[in-house]
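One chain is shown next in structure tokens, namely the form predicted on its own.
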């Protein structure tokens, strides 16, 4: 039975990836770009799920990791000529990982709401720094830059069109999912889930809880920064708005809608929320958040395990 479930999972996984790969060829340019954006936000939500779903820690600091990944990539693309994606990636990842290490060192000593508040404070600190340091960050106007090419030195160079950028983002998201899935199913991931279920008992067994939490926050921040780099490359700008804590709130909503502790669920939640917001905003203009909020409340009440949990229960029937 377990082998059968595994075969079905990988068959469905390959089918979905193939469908996402060919989707830009048949979609209008706007919707192809929107699909790429959904994948990026899904990656950010998936990185947050490492903490929310597997450690039991709600983080409102992911906007800082995401935004600093954007600004790290922007710094590389503005200072290196010609702009290089392979320089932007490490710049963004190092920036987000460094911030994640700082946040992790102080926040992992706390639990529950105190951890969430601490991460929120850190995100606001970085938001104020970026917003006021106009000479370096561009202030409220942010930074704009040209999109790099996908260069393979000595082999070939591919310009980023709507389709090639989508395929690159899809490859990064799929690879990130496979890495995080392997991590969560490893002994390290089992310890994280043990911390979520009973931290006191896990500590009593002899596991260094704070170290595991620090590594989890850094891992989560690293993939959030990767999402920030991809978003910067797609939209060719970095703005302090993406460091604001409201971005972290949306990421938590993505997790709740899709299904916490599933990795795939946050991507589904991001797709559902962004599509819902895009469609309703065309009918209700500035009042679109009212029906979005009503739908979200109904989902929390009637589908507490999210869309993925609801789908699993329906299939089991």
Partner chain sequence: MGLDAFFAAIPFDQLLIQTVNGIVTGMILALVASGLTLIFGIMDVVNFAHGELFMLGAYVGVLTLAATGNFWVALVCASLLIALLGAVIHLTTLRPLIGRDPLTTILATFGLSLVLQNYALWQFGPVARKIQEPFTGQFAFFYLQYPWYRLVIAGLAAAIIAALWLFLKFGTYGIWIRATTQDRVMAEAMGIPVPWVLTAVFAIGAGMAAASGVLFGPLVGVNHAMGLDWVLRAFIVVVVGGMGNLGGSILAAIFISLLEAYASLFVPPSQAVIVSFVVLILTLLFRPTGLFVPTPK
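Residue numbers count along the first chain shown, from 1. For the two forms, the rigid core is made up of the largest set of C-alpha atoms that agree within 1.5 Å on superposition. None of the values given here were measured: they were computed from a predicted structure.
We do not show the form predicted together with the partner chain, though everything after this point is about it.
Enquirer: Any chance residue 164 has a heavy atom within 4.5 Å of the partner chain in the predicted complex?
Expert: Outside the cut-off, so no.
Enquirer: Does at least one non-hydrogen atom of residue 149 fall within 4.5 angstroms of the partner chain in the predicted complex?
Expert: Although the partner chain is absent here, residue 149 would stay clear of it in the predicted complex, with no heavy atoms inside 4.5 Å.
Enquirer: Could you confirm whether residue 158 comes within 4.5 Å of the partner chain in the predicted complex, counting heavy atoms only?
Expert: No, no contact at 4.5 Å.
Enquirer: Any chance residue 244 has a heavy atom within 4.5 Å of the partner chain in the predicted complex?
Expert: Yes, residue 244 is a contact residue.
Enquirer: Spot the stretch among 174-182, 216-224, 104-112, 202-210 with residues whose non-hydrogen atoms come within 4.5 Å of the partner chain in the predicted complex.
Expert: Result for this chain: 104-112.
Enquirer: Mind checking whether each of 35, 89 and 279 has a heavy atom within 4.5 Å of the partner chain in the predicted complex?
Expert: Per the other structure, none of 35, 89 and 279 touch the partner chain.
Enquirer: State the residue from 190, 136, 125, 80 whose non-hydrogen atoms include one within 4.5 Å of the partner chain in the predicted complex.
Expert: Selected residue: 125.
Enquirer: Name the single residue among 264, 252, 274, 39 that comes within 4.5 Å of the partner chain in the predicted complex, judging by heavy atoms.
Expert: Only one option qualifies, and that one is 252.
Enquirer: Just to make sure I understand: among 279-308, which residues lie within 4.5 Å of the partner chain in the predicted complex, judging by heavy atoms?
Expert: If the 4.5 Å heavy-atom criterion is applied to the partner chain in the predicted complex, 279-308 yields 286, 287, 289, 290, 293, 294, 296, 297, 300, 301, 304.
Enquirer: After the core is overlaid between the shown form and the other one, has the C-alpha of residue 301 moved by 2 angstroms or more?
Expert: Yes; that C-alpha moves by at least 2 Å between the shown form and the other one.
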